[in-house]
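First, one chain by itself: the form predicted alone, in structure tokens.
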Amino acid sequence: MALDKIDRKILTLLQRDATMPVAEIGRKVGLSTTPCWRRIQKMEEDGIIQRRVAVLDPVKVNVGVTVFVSVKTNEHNDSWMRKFSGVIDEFPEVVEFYRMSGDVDYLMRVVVPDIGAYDTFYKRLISKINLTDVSSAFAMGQIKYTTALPLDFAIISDDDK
């Protein structure tokens, strides 16, 4: 779906604060409330806006340790990948999970309270599925984190070209 400048402005505002009232969004993008609301609803219907969530402080909910877990496997088939994905779904500590190219087959971002909790996670994981190699890297500090996607690459409608 092509987005015009107003759609991109709306998305920028919503990515910063999804609780912003529609009237305020409309005011900031130069629309009245109803047309602004229609645009938001259309972007929700089209799947551009997938959901609205609250971003929590990991330290305040006791998951301040971030671990990047690299996994290698000798199994490279759809059946095993579905099984592995199902196993990972059982672990709320895994907040991101990717199939990779290169030396690592899968990469996970895991959040836990401490190293002991990570060790418990690791033992539960390896008891559920056979993995060739698991390597863990503990983040020493977070330098940048955002949930906002860049909109510079969005398909621009013909009206804005």
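One-based numbering along the sequence shown. The structure displayed is predicted, hence computed values, not measured ones.
The following text describes the form predicted in complex with the DNA, which does not appear among the structures shown.
- Between the DNA and the residues Phe68, Trp37, Tyr122, Phe97, the one pair within 4.5 Å by heavy atoms in the predicted complex involves Trp37.
- Among Ser101, Ser135, Ser127, Ser32, the residue placing a heavy atom within 4.5 Å of the DNA in the predicted complex is Ser32.
- In plain terms, the part of the chain that comes close to the DNA in the predicted complex, with a heavy atom within 4.5 Å, is 23-31 out of 107-115, 54-62, 23-31, 88-96.
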